[in-house]
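Below, in structure tokens: the form predicted alone, a single chain.
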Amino acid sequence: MQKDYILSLEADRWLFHADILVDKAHVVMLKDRGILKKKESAAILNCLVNIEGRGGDFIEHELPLHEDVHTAIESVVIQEIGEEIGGKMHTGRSRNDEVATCIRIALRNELFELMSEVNGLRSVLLEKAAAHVDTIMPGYTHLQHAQATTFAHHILAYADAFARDSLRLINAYECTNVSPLGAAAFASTGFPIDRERTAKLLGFDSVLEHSMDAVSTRDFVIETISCFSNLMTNLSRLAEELILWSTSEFDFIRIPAEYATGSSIMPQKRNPDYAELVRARAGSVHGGLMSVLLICKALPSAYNRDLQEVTPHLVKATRTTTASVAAMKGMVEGLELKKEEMVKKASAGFTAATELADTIVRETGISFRTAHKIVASLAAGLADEPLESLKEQESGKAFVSEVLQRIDDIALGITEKKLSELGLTEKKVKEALDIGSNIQKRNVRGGPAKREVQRMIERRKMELERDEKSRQEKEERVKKSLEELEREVKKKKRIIKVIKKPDANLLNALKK
């Protein structure tokens, strides 16, 4: 039971393949620097390749027998080729710099996947926006009807938020992709190692120079989970709107069937469970961030076992965030919009009020604050007789005349003048009350007018293409470095029979 307390099996499984890469690069470097002999490096590399090939079987059966993944791999190497040779694999390094390097490699791979998923979500949002530049809907503040907008304009706000998340992930990647290998326990090593060589073989952009800082810091983890938290917050906001819009009260959308579930008792139900879980799991990621911050707070320099507790939070946050982005992408991609209902509710709640006040200012020259008071009084007077009902009772010119008459009556009590006498006409009132016209007038940069929204969509598509290209280039650089590592491994290793117990003749041969 006491031994189980210090184990971290889930994190070790996550680090297995990264640890093999680190071992290979370190042995190649030791051979290049003359610290290992040719036959020694060959024996170790052959054994590492064998362990790598066993993959899942090794993880399942060997890891639980050892303190951690690093010890497990080294122990098996020693077991299979003897301590006199296998025991040299760890020369010039410590578990401290080894684990720090492994975490960065494993996280780097996860970041590539997450960046790809985020860019995929951005692409789906842009496609949805392009298809709905003319789909009118109500906009809200405080969840109250505010002004009319379009679905394209609304959904573009999320595309922009996720674009910023994408840039944050790139920054997190750059802080992650530096190599601590060679820092050893914290004071480096007396062996003539080449830190730049291992960094290059493992695909790192540079070396994390200061040896104590290299093994102490987990700031890259904090920064990365912070990015995840911000991303999950944006996902949860979108999830909340999808949940609201799918209710009978809104009835704007239909969530794809594969992202909704039924009720065990109510046959008619279509519950937005996936969106609800995205909303909830944002809290889990935020909790992970707080845990890591509190674990790292006030730790003295160099390695402390406390840092072992950081990795599980990182693994969970990474997997939760990537899965949540993928789920949201699927929901948005299959979203069905109920356009007629959205247009119908776009004018409810007197959403033309702001444009009517703006029109009064433009046409009469009175201040906006005075126009605001007039329209506010008009809205209050319509509380018992909503504008929609009045419009149904009246038609055409009679309706507009009635609204203008009410405005004049209110204005007399505020400005002592009728606004119709100051230049406000029925034509302008009619235009102000038209929702479609309201939207098209808002053609300033970032507004919901069709032409401006189309411009933004095209600009965002170019930015997405740039970001995805940058991601692919980074991934390709890492891939080429790891291919170089594999070429070095093949060149340096010899085909040596790997056996469970060291053969005396084989060991004698290797010593020569």
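Throughout, we count residues from 1 along the sequence that is shown. Note that the structure is predicted; figures quoted are calculated from it, not measured.
Just so you know, the form predicted in complex with a small molecule exists too; it's not on screen, but the next bit is about it.
Out of the listed residues Q308, S401, S377, S226, Q308 is the one that sits within 4.5 Å of the small molecule in the predicted bound form by at least one heavy atom. The contact with the small molecule in the predicted bound form, taken as any heavy atom within 4.5 Å, belongs to V99 out of V278, L231, V118, V99. Between 475 to 483, 443 to 451, 66 to 74, 39 to 47, the stretch whose residues reach within 4.5 angstroms of the small molecule in the predicted bound form through a non-hydrogen atom is 66 to 74. Y303 belongs to the set of residues with a heavy atom inside 4.5 Å of the small molecule in the predicted bound form. Although the partner is absent here, R319 sits far enough away that none of its heavy atoms falls within 4.5 Å of the small molecule in the predicted bound form. For R95, a non-hydrogen atom is located within 4.5 Å of the small molecule in the predicted bound form, even though that partner is not displayed.
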